[in-house]
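Below, in structure tokens: the form predicted on its own, a single chain.
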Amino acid sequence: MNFTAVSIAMAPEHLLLAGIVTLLILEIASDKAKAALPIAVVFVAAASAAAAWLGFTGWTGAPFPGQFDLAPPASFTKAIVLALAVPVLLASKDDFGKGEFYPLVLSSLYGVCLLASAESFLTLFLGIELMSIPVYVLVLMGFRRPESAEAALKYLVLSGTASASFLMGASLMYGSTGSLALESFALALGSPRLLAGTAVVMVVSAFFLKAAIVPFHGWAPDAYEAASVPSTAYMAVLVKAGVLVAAARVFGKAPVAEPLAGLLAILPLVSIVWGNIAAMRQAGLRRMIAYSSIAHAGYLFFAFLGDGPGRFQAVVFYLATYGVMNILAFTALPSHPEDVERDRLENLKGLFRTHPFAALLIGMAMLSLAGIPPFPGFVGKFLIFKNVMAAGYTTYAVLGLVGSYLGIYFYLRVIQYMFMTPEAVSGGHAPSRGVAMGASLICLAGSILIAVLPGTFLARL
């Protein structure tokens, strides 16, 4: 493949790299930190547009055969992930006065894009590390709580454990199949050898740890709570999207049989139940979202029980609906000079009386995350459970559906606080500033498109 074809195939990655270099030069040569935000938004939006163009034109190719390839589903996945990053960047304006935040986010997004096109365990590992390493720093940035350092260290250690598990699994995969191509995972799934089975379990365990599946979830509540609002939104949506896209690439269309099917059913099911129950007891929004994300990770891993051809479609569609609603909730959250006070659910009491538009947006996000029709979250859950039942795992689907009903309570509790409770005495919330409100409107527009045109959306994946 010639240089022009390689440049076209990797246009989103090249635009992100250009943005990183531009931001670094700006940071070194100028003290105009305010320019970092628009520059980051322009390059990320351009990368998303480039990925969408590659998808709509049906561009297919392998610029690095066996390592990196491109097809329309991968292009649309990149476009979705990069589009979700735009409101996260816009929402960071009040939290990050300096420009270090933006090259870190673009570096992490570069890793996510690599994951969507990875064809080997080497490229996949490179993408995972590029995605994860900047996030360790993001947890510390905007240092507003004394526990931020502890949370970042916990995330670093456990994420490093996941990376080690993934590397060991890939090594055993090579020893078992003689290949580092992602197709070797399907061969290992069908192999009776202990070495192959161990490789599969270690790779899956690494994904469980990165996605915060029970019992590998201990880092998530602390990291989400200690990070700033934009960093939490990024971890809850973009990092989780990268991990699940990587898992979808590894599983491919390979059928899942016992005993792996049991592992992919029981631990995600426990995550659904425990995540929803633990979220009920949380007093802070970010910690509640952390446990909610543990439950949603369970729903997402349920998708791998379904048939191979519809697996990638179900995962990406769910990530899009889950992501846009999570970011909507964070961007619509009114500002507050004290980070702890802003995070308290008690301070959302009476929000509809003081900031009605923000309350309506957060309420819409909560209803969609709960999976209540006609909001897009319902379509995402329906698609996953439909595929699980079609694959013959009816019992697991029913148990997962019952577990999902537990989540309705804490989502509706937020709505009760905002619409049916007198205003909190402490109050103190200020309306969202123009840039954050613009981010909310972008998420609102995306959620409406997904809700109105789910078939068109699914046809592209």
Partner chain sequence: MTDFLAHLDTLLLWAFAGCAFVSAALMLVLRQPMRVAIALVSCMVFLGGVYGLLGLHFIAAFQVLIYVGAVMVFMVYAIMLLDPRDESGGEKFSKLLWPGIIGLSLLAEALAVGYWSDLPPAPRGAAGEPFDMIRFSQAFLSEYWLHFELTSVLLLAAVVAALAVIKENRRHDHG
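Residue numbers count along the first chain shown, from 1. What you see is a predicted model; the values in this text were computed from it and never measured.
There is another form of the same protein, the form predicted in complex with the partner chain; it is not shown, and what comes next is about it.
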query: Residue contact check: Val137 to the partner chain in the predicted bound form, 4.5 Å heavy atom; finding: yes
query: is_contact(Ser107, the partner chain) in the predicted bound form, heavy atom dist at most 4.5 Å; finding: yes
query: In the predicted bound form, Pro309 touching the partner chain (heavy atom, 4.5 Å); finding: no
query: In the predicted bound form, Glu129 touching the partner chain (heavy atom, 4.5 Å); finding: yes
query: Sole residue of Met437, Ala11, Ile20, Leu444 within 4.5 Å of the partner chain in the predicted bound form, by heavy atom; finding: Ile20
query: Residue among Pro72, Gly284, Gly175, Pro255 with a heavy atom within 4.5 Å of the partner chain in the predicted bound form; finding: Gly175
query: Listed range touching the partner chain, judged in the predicted bound form by heavy atoms within 4.5 Å, from 77 to 85, 119 to 127, 240 to 248, 320 to 328; finding: 119 to 127
query: Those residues of 181 to 195 which, in the predicted bound form, come within 4.5 Å of the partner chain by heavy atom; finding: Arg193, Leu194, Leu195
